[in-house]
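So this first bit is one chain, no partners, the form predicted alone, shown in structure tokens.
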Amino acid sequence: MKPLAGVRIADFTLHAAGPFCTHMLSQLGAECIKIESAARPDIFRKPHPVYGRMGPASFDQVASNKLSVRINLKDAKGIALAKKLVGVSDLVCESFRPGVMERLGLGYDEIAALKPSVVMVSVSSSGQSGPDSHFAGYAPLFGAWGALGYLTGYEDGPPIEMRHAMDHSVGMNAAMAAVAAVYRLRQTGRGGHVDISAREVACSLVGEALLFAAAGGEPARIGNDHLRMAPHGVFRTREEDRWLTIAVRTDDEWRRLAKLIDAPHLLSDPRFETEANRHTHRRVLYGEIEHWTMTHEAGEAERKLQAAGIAAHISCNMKDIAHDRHLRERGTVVDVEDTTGRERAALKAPIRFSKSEVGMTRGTPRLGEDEDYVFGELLGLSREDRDVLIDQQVIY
């Protein structure tokens, strides 16, 4: 049995960060019911050119394993229907701007009055309170607000957008908090409101830099460099856009690397004699190493370096991941159906339990495809009642 079996989620999230949270929870066994409407579908459901194809690629990734129903939240009857769904749910997850759920009549106070044991998880840019709580935002802004973007990039270049890494980091943190709240719910019967600030998630990832700044230092972008190790970076190979990552940790590894690339002159050069010297003169050193990597295919160079006991690996592209034997055998990369019925690769939750299975049992839901079960079986609405609500565009 999955860890969250028996837990039901009313999922009001949209875009990526919130939906990734509920996507993770669904793979842990929660029954996740995604709430949308034809008038206002999740924006990521719309086809858009990304990742080499025209389709809802982002939606496919974060909506897999969920059920889908339509509820028009601009209609009072739609709000009443949503409250009925909340009444049979354990978790309510949302990622609107702070205040939206309250204006809809679905804020935490309202739903807690309806069901005191309910847990609400709110994901927003800057949290539910504070002077910046009114800000809306997308993944690139989360990293910018939290300083992670400032620390990412080359030392002679601008800060870099974090994009999906931030959405998924926020979603994973929200899922962890939701699991903690569910654990308390099971132990005490008490619900609560979980407040996830994307900006604060980004801040939590720059702890060392914050400590350095608090001590009077000035953290800066260092690209692929390391504060101590050298060589440490990504190097071109003979293949077009095929890169090799190398990290040398000790003097012994350095000597083995110099021998492997047939560069004994580097060992007698005082600029590279110690770790500190190699770091100071790393730009010159990287050019020497790339002379060797440029004569090899990435896989060949990777094998030679690893055989010599040096940390090295190809910088994997998406094709590598989709067909990776290790990830396939562990069930991390699985095949599911998209909304057109075509088979596609998907990533399972990166979690393993010795006595529980996790993962996806279905692909991307079509809009409203689970209404017979949700509105009929769970909420007890007759076919005639549902037809009336459809005619009134409450279920729409």
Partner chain sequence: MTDEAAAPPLAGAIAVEISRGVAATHAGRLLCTLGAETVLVEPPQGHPLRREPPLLPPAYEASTLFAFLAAGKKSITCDLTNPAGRVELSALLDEADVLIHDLRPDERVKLDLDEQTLRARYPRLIDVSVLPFGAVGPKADWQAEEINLIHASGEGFLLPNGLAAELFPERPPLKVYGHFAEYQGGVVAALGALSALVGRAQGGAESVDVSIQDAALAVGAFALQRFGDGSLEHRSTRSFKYGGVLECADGYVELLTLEERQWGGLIELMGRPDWMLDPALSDSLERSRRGTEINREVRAWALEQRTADVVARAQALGVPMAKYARPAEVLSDPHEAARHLFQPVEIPGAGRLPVLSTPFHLDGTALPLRAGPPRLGEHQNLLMARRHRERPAIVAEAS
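Numbering follows the first chain given and starts at 1. So that the term is clear: the rigid core is the largest set of C-alpha atoms that superpose within 1.5 Å between two forms. Note that the coordinates shown come from a computational prediction; the quantities given were computed from them, not determined experimentally.
Just so it is clear, the following notes concern the form predicted in complex with its partner chain, a form of the same protein that is not shown.
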Does the 4.5 Å heavy atom contact test between residue 141 and its partner chain in the predicted complex come out positive? yes
Examine residue 280 and determine whether its closest non-hydrogen atom to its partner chain in the predicted complex is within 4.5 angstroms. no
Under a 4.5 Å heavy atom criterion, is residue 69 part of the interface with its partner chain in the predicted complex? no
Under a 4.5 Å heavy atom criterion, is residue 237 part of the interface with its partner chain in the predicted complex? no
Candidate stretches 83-91, 199-207, 263-271, 69-77 - the one whose heavy atoms come within 4.5 Å of its partner chain in the predicted complex: 199-207
Contact residue in the predicted complex, from 294, 176, 100, 284 (heavy atom within 4.5 Å of its partner chain): 176
Are there residues in 220-258 with a heavy atom within 4.5 Å of its partner chain in the predicted complex, and which are they, in order? 220, 221, 222, 223, 224, 226, 227, 228, 229, 232, 233, 234, 236, 241, 243, 245, 246, 247, 249
Core-aligned, does residue 237 move its Cα 2 Å or more between the shown form and the other one? yes
Answer yes if the Cα of residue 96 shifts by 2 angstroms or more between the shown form and the other one on a rigid-core superposition, and no otherwise. no
Relative to the superposed rigid core, does the CA atom of residue 193 travel 2 Å or more between the shown form and the other one? no
